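Coming up is one lone chain in structure tokens, specifically the form predicted on its own.
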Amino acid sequence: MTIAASAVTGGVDLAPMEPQDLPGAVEAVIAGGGRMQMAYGWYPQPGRLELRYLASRGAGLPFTAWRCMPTGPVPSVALVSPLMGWYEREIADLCGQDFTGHPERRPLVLHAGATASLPPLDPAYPPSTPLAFQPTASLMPEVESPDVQRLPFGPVRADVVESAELIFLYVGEHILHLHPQLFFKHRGMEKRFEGRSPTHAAVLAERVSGVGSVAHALAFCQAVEAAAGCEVPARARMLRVVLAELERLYNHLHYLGHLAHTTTLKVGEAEGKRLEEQAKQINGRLTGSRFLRGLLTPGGLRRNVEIGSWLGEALDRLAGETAVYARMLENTNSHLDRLMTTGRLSRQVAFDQGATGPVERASGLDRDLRRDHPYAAYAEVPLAVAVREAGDAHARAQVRMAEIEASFAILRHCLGAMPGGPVRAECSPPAGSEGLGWTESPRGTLYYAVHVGGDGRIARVKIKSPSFSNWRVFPFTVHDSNMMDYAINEASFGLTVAGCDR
């Protein structure tokens, strides 16, 4: 059986899977050069849980999905594919499913002390009823040495940084272990999609993560379009690429400015944020929204976007100034000295733990959904995928610099090859349909799985966020490092809490 998907290169092969066969099936995917992507639970009927597992087998090949109908505990696959550990813990918290043999049997989304009368994602759960909560100490690794100190940092942190508690175990300046406690502001975004019309839900998708508005809305719209079997007009597909690359530009420019902030390069910080502001002003003039919201909808765009000559001129000016800025960063020894060798992430750990986007590409993993599973009009544009091998903070910065240059090249191509015609097609997914959509967001791979209910409204949305993946990976670069490098290392990952917590 094949379910719909939004890629040019193929759909999703869906097959039933018995729970006891899951570890062997996951092992076979990895042995064949593939990679697990996510798992989630959903309820086709109240009280009837179905598990879904998604795997990618390689560039241009259809994705593989398994449907599992548990009647009791399910074997964990976290020891075979470590990146699946967080997904299983999320399912345990929100769907009440038990996984046997899991190496981290503690809550992830629900903090210690939270209890629910029903699994929160069960459609029968009363939506206005808060979870019962009794303050309880979080489980932490046992420490035997009196020399080891414990530092809880957060959840309220300096400046406008989002809420997260980072618990350090350290000796002097040496960090032995980092335990991040996230989900202080879990908003239940996946639950909020239930019962919405696809058009309304697209507006909700734009607000899952503010700095990824286009990526989230585009992945959602493409999942709905796949379920409906609708064909997006050529002009809308090309304009979607323009919007996605404009979003990548301002995110990466902000990243470079913030990274300079952590190395105390004040002029570099100011210049990066000035260029970010220029990019956002271009967005605002083009679309009316600095964050490029209010345009994407299932079937294409809500309205046409006029491309004037001013846009090419503004992008050329921004490209020139950005190139000078990047060269200056790469020739500032005080900046480079703090980045090189900081936060090294090996290729194997990046693969095993699920690193994605610039983080994985800086560790030698050559993966990019725009090229490997093209969507929108990416199959028609030139795309250079930047890869580095060092796996440190400098490599992650270099990948983003190269991606900025590639984004300008893509935008120039799109402006010169922009087709005419309509920007929206009718898109009404039939009752009981489902689809998968994806994007390569500025932070990495983003998937939306959409299930449509019997009334044509959304029954379930699953969001596989890049920050959910990269927050899992991040502590592996902190263990056995030092306090002086921590802020630089965290900035080099480009993490968001909102994207993880959802």
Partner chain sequence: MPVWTLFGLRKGRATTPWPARGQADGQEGVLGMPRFAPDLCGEGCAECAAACPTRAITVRAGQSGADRLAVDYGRCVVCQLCVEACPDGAAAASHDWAYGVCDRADLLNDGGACTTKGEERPSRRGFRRSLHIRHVDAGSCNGCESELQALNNPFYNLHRLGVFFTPSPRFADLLLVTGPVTYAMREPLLRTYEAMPEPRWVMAAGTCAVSGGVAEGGYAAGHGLEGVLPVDLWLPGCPPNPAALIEALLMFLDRMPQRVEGGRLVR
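Residue numbers count along the first chain shown, from 1. Everything quoted here is computed from the prediction, not taken from an experiment.
In what follows, reference is made to the form predicted in complex with its partner chain, a form of this protein that is not presented.
Contact check at 4.5 Å (heavy atoms) against its partner chain in the predicted complex: all three of Ser128, Arg207 and Met328 pass. With the partner omitted here, the residue from Pro123, Pro180, Gly268, Pro82 that has a non-hydrogen atom within 4.5 angstroms of its partner chain in the predicted complex is Gly268. Glu276 is the sole member of Asp352, Asp372, Glu380, Glu276 with a non-hydrogen atom lying within 4.5 angstroms of its partner chain in the predicted complex. Comment: 110 to 118 is the region of 385 to 393, 337 to 345, 166 to 174, 110 to 118 lying near its partner chain in the predicted complex, near meaning a non-hydrogen atom within 4.5 Å. Contact check for Phe408: no non-hydrogen atom falls within 4.5 Å of its partner chain in the predicted complex. For the chain shown alone, Leu415 is not a contact residue for its partner chain in the predicted complex, no non-hydrogen atom being within 4.5 angstroms. Proximity of Asp159 to its partner chain in the predicted complex falls within the 4.5 Å heavy atom cutoff.
By the criterion of a heavy atom within 4.5 Å, Val324 is counted among the residues contacting its partner chain in the predicted complex. Contacts with its partner chain in the predicted complex, taken as any heavy atom within 4.5 Å, map within 188 to 222 to Gly188, Met189, Lys191, Arg192, Arg196, Thr199, His200, Val203, Leu204, Arg207, Val208, Ser209, Gly210, Val211.
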